[in-house]
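Encoded as structure tokens, the following chain is the form predicted on its own, with no partner shown.
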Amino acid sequence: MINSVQTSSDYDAVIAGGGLVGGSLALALSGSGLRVALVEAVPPDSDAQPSFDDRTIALSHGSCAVLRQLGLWPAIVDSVFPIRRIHVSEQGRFGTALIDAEEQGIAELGYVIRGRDLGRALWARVDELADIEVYCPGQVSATTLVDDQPGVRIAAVADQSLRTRLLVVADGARSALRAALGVGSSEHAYGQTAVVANVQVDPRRAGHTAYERFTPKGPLALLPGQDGCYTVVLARADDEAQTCLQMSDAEFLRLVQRSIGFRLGRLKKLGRRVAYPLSLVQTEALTAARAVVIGNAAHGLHPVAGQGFNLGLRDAASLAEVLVAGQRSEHHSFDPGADAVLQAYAEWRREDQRNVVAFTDGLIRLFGRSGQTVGVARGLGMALFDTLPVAKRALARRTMGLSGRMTRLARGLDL
């Protein structure tokens, strides 16, 4: 049940977009004393809700800590499956790399969960909290600064005008609201489409290892799940991806089998296939006047390293920390949309976002280069990397969300 009772149209923060990142931010701000509204166009229990579909999400170690602090873990603990190893290889080349949780001194590198299961738990928690006012279905269709109301931005939601000191844009990679704010963005289409499906593997081979396999035609990921079910994410050129969708189940399974080999035994029992075009989206700025852009609205990534949601969740956790710290230190005088507050957030997030974009985009470009010489060099580099514990630890900590400046929530601390 969605809270549809609005007690006020004056807010400290209006969050436009109630997907996984926007909803997480709302939860993080609950109990802070800030007046928060969450606006979402599509009800969370609708099959049309794009954020809560059956795609598998890889949760980093740091993201799991955040979700625990948000009170979501009890609701999803039966839906998550641990990743304890990540195996990276290139088809037809020597050299592999293995990142192992035990080598890193932890129980697991992260978990996998269906977006639908996480979204259901998130919105159930939102519904329990009286200090988050929800407008759903609703959409911020326009936003303006009013000259005679300094310090206020007006957000239009249907026939209502919400006055807020801060507008948070969290409505996805193709955010119309971001553009309306005058925040420019760039998009680089990879010319690839991800074909996603579930497969059943040999139960004797099933385990807790995620596989990243680079092939001449694009990367392939296999993420482990419960009862010997793996999620396949196969990236192919757009036209080839359409061919993959039209294949029979047997033909598609043979294609994946040829790409991954028999590490997981013989693949069988293919689930429904869905396709998602792949591109890199980056904003020119993270803030505008009394507004901030987070999650996919700020950075849409290739799924090659499973970093998209984790990066967005760090956005939400960082912004929440900046806002809650300001509210507790200044209380009634705190202005969440002040330039200094937004600048503090932008400075915190800029390096992490830049590094993750460079890492994921760099992988696609590196393994997209053909030729015997560059292929041999990649194999040598991967084999060398696998022998260097310091390098493996550095990469592991980055992919687990444990490098750089960490939020309190990621460290298991309350805000």
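Model, not experiment: these values are computed from the prediction. Each residue number is its position in the shown sequence, starting from 1.
Heads up, the form predicted in complex with a small molecule isn't pictured, but that's what we're talking about next.
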{"property": "Residue stretch of 352-360, 53-61, 66-74, 29-37 approaching the small molecule in the predicted complex, non-hydrogen atom distance within 4.5 Å", "result": "53-61"}
{"property": "Contact test, all of Val21, Gly138 and Gly308, partner the small molecule in the predicted complex, heavy atom 4.5 Å", "result": "yes"}
{"property": "Of Pro303, Gly326, Gly337, Gly225, the one that lies within 4.5 Å of the small molecule in the predicted complex (heavy atoms)", "result": "Pro303"}
{"property": "Close approach of Gly110 to the small molecule in the predicted complex, 4.5 Å, heavy atom", "result": "no"}
{"property": "Heavy atom of Pro219 within 4.5 Å of the small molecule in the predicted complex", "result": "no"}
{"property": "Touches the small molecule in the predicted complex: Asn296 (any heavy atom, 4.5 Å)", "result": "yes"}
{"property": "Close approach of Leu319 to the small molecule in the predicted complex, 4.5 Å, heavy atom", "result": "no"}
